Structure formats: C-alpha cells, structure tokens
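Quick setup: one chain, the form predicted on its own, written in structure tokens, and binding and motion questions come after.
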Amino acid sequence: MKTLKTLAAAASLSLLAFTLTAPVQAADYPEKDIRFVVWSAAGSPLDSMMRQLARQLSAELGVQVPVENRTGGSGAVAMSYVMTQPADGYTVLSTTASMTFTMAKGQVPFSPDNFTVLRALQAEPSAVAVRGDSDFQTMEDFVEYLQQNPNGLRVGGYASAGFHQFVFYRLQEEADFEAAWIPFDGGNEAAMALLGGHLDAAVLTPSSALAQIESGEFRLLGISTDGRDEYFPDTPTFKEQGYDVVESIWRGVMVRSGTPDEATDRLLEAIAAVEQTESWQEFMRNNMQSSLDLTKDEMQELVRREVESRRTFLENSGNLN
C-alpha cells in the first residue's frame, strides 16, 4: 500500500514535469466534455455534491460532465493527477476545507498557488454539543467550568488535528481554558460516545447528530456560524456569546492555476445559474447545507489564510512534524 510519503514523491515529480505546461486557449469554452475528479469515495458528501453539480452543469453547458473518483493520500492522488492535465478548464477537481489542513501538514507537495479555487458551494459549521441532561446550559457555563477545572471534562470529536479540533482550539484561545481532545474515527462515533456518557461534550457538525438534537437528547451550546444558522436558528453563535470563532467546513471546486479566465468565468457563470435552480436549492436543504458567497479571488485569499492558521494550530498542538 502506498504511503503518503510515496504519493508525495510521485506528486512532486508530476508537479515538476508539468509546472511549465502552457495553458490551452479557451475560445468558445466548452467545446468538449468536462471531467469532474473527486478525491473522496463514491457516496461521500463531497461525491454527492459533485455528482449533483455535474448533472445540472451538464444541462447548463450542453456537454457531458462525467465524474471519476481518485481516492488516496488525503487528496494527493487526485491533485497529482489533475496537475498532469492541461490547465484548460476541462478537468475540474473537488476540494474541501480539509485540503488546507493537508497542505499545512505538508502531506502534499502543493500550495494554494498551484490551484484556483472557483467556488465553495457547500458549508457546514461546527458546534459544541452536550447531553440534554447536562448541567451545562450555556457556553458560559461550559467555559467557566473548564477555566476553574483545567482538563476537567472529556471533550472529543472526529479526527485528530482536523477541523473540529481546530474549532475547539480556537475556543480555547478565545476563552483561555485548557482541555484535552479525544479523537474518533467518525463524527457518528463521537455522537454515540456523547450519548453513551463516554464524553461530556462533543464538537461536531450539527447535521451529523440531527436525530439526537431534535429529540432533545443533545443540546447545542454554540455554533461556529457568523450569524444564526438557518437550520439551527435557536442555537446562539460562539460570536454572539463573546467568542470570535467563525469557521466552516466547506466543499467546492477548483482547477489548475493558469486556467484561462474565459474558462473559469464561464464555469462560474454556469455554477451560479445552477445554484439558482429549485433542484439545487432542494438538494442543499435536504442535506442542511449553506454556501459561502465568495468570489474566486476571495476564495483564494480564504484558502491562503486557512493554510496559515491551520499550520499555527498544528504547531501549537504538537501535530506538525
């Protein structure tokens, strides 16, 4: 089985070989089928989003948009493959906020400069959840307890050195408390650990514990959106409670840097048209997703900021080799 180190070495060779490839002109784009490359497995949230977009984009642009999954190496396999293709807009790669962690860790030999992130079509927040019978009624209760009892609670969520631990790290910075992190292999596992009393609090995407939230088994103390979330309007944001933590796990699409503006502009125009359709909006509602209304340039700046903030987090948490 290939290791990340092996994949990274192969990716470096691919990058070196094709960095100087001249972008293909994009007159009358698109003139042929557009391939969507997805770095996660079929059936994953990212794959589902890309397939829905592919179906609707095909109708909007009048060309076929086949989807192929190239998994492995935390996105390294798919990124390396796309770097071997012409920068002409006919190969579009899925991307998520997890890419910024991968780049910050140095698991791939790529930086934000190697890709142009066109659009974040989906975004989900993180939230601090406790059981419905917990003594903690508010974030203030939770924070004050940890300030007075450092490492006094069992707090966990999906993955080590990932998005949810980063959100919790940001809360610790803002509120000045200490708490260890217990990682789980999946968000559902963290939710079940909380339900079973093995955790005092879980940091998770609310949609992953919707049944428990709706039944009252879980109570959300705070959420990482800038304003009240449309799907969880009764949950106060971290920000309104005095903790300036606004973060989301986003999903979107990107292309190789150097792709002509004619191609990226047409893709963005078509994506915008798709997002206005009732089919897309119903898909978003069914999956409890919001979008990030950022331009191409704003997305690039967001990715750069995220890579830097994630690198600082990894260094401070001892997760950067």
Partner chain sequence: MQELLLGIETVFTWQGILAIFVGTALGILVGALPGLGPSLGVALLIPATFSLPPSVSFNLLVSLYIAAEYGGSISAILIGTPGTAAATATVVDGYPMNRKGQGAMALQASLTASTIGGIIGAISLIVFSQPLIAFVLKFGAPEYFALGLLGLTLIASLSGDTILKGLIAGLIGLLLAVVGVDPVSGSPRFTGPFFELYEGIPFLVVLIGVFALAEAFTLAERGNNTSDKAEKSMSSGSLGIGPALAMFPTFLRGSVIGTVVGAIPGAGANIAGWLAYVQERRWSKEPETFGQGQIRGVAAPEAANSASVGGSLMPLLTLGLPGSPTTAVLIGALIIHGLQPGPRLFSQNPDVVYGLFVGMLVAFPMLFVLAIAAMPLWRRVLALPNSYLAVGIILLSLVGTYSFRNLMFDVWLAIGFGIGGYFLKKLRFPMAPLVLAMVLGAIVESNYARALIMSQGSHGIFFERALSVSLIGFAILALVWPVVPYFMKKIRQNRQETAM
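Worth saying up front: this structure is predicted, and the values here are computed from it rather than measured. Positions refer to the first chain, counted from 1.
The same protein also has a form predicted together with its partner chain, omitted here; what follows describes it.
- In the predicted bound form, Y243 stays away from its partner chain, with no heavy atom inside 4.5 Å.
- Put simply, N287 is close to its partner chain in the predicted bound form: some heavy atom of it is within 4.5 Å.
- For S58, no non-hydrogen atom is located within 4.5 Å of its partner chain in the predicted bound form, even though that partner is not displayed.
- Using a 4.5 Å cutoff between non-hydrogen atoms, Q64 does not count as a contact of its partner chain in the predicted bound form.
- The candidate stretches are 129-137, 168-176, 111-119, 147-155, and the one lying within 4.5 Å of its partner chain in the predicted bound form by heavy atoms is 147-155.
- Proximity to its partner chain in the predicted bound form, defined as a heavy atom within 4.5 Å, holds among A97, A104, A76, A123 only for A76.
- Between its partner chain and the residues G196, G216, G227, P233, the one pair within 4.5 Å by heavy atoms in the predicted bound form involves G196.
- In sequence order, L210, A211, Q212, E214 are the residues of 210-225 having a heavy atom within 4.5 Å of its partner chain in the predicted bound form; the partner itself is omitted from this view.
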